[in-house]
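What follows is one chain in structure tokens, specifically the form predicted on its own.
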């Protein structure tokens, strides 16, 4: 039996979407291993993880496109496990948009309404509302081939929302857009979903998209939820080494525990005569080998002086949109994000890195299992 994790909502509120012990094997391999999850009405939840983590399979099970091997799916108290997709009242947008090329924008948006035999006056009204909400009014008579990628994406979203689903599923809908368009459209989608109030689940492998679009994000690995929380919780309070490594491209290095401080729940560590501090989730004894994670934007670099002899030197740096990122080498190799106006980090400069202990995280390195005996 897996532990149930909740996405938003007060503890006393009943979850709108409930997954219980959802399991799925493909080709004899477990893709989902007993996933339990609560999502509350109106939430925007992201499913984030590397390829093969099970996020798309989980989305397809919720939508009814993939059968589960064990467990259950309930929405608003209704068990959907045995219902086909067209009876689940769920909207979905795909990576490829799946627009009908022979239909106009108006008819694409109204397709689901016609399938539900909505009367013509109401159909025109609801399509008109979607055209207005998604900024497509002037494109109603156009065909998909004449639309930009961003416009096609909005038509696909309008078509899904026009039927007023009780749940929206979005499967990497921005993957085919260029970087600049993705940044703009992700905020448009968030505002649209917010304004309609529809509960939504968004699958992506892009952290920026998940954090920009979603209230909470569930991180998956190997068919299990590793952690669910707000973007800030995932960044500043990672549950384990996988989440710490996966979120935010941190610096990672091994070290040994020198001292554990129970009051601050932090450790002092040492690595080749370099000492530092990091927070931990459980007490660690001196000598324990740990992996330390610290994000580049948390590393502060000061110029070394005669009082503090340098153990590190600047190897190189590059300009980024948000400033400069420097590589420094010494007992460990670190990346540090710095403002563009920083002038004391020429290549070869002697420097001293530091960070706030609460913004670095250390996790004990689990010993490798013994090798299997051979005969």
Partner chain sequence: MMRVLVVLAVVFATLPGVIVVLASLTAGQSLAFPPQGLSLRWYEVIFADPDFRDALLTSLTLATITSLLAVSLSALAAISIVRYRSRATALIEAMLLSPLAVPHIVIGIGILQLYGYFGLRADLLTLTLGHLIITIPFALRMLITSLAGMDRQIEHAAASLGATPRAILFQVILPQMKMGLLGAAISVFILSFDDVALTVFLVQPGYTTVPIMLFGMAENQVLPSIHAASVILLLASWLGVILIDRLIGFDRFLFRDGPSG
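Positions refer to the first chain, counted from 1. Nothing here was measured: the structure is a model prediction, and the numbers come from that model.
Although it is not shown, the form predicted in complex with its partner chain is what the next lines describe.
- Of the candidate stretches 188-196, 81-89, 227-235, 251-259, only 81-89 has residues whose heavy atoms lie within 4.5 Å of its partner chain in the predicted bound form.
- Not one of 246, 278 and 281 comes within 4.5 Å of its partner chain in the predicted bound form, counting any heavy atom.
- Checked against its partner chain in the predicted bound form, the candidates 134, 241, 299, 160 yield a single residue with a heavy atom inside 4.5 Å, and that residue is 160.
- Screening 123, 99, 75, 290 for any heavy atom within 4.5 Å of its partner chain in the predicted bound form leaves a single hit, 99.
- Proximity of residue 211 to its partner chain in the predicted bound form: non-hydrogen atoms within 4.5 Å are absent; the residue sits far from the partner.
- Within 4.5 Å of some heavy atom of its partner chain in the predicted bound form lies at least one heavy atom of residue 116.
- Looking at residue 94, you'd find a heavy atom of it within 4.5 angstroms of its partner chain in the predicted bound form.
- Shown alone here, residue 65 lies within 4.5 Å of its partner chain in the predicted bound form, counting heavy atoms only.
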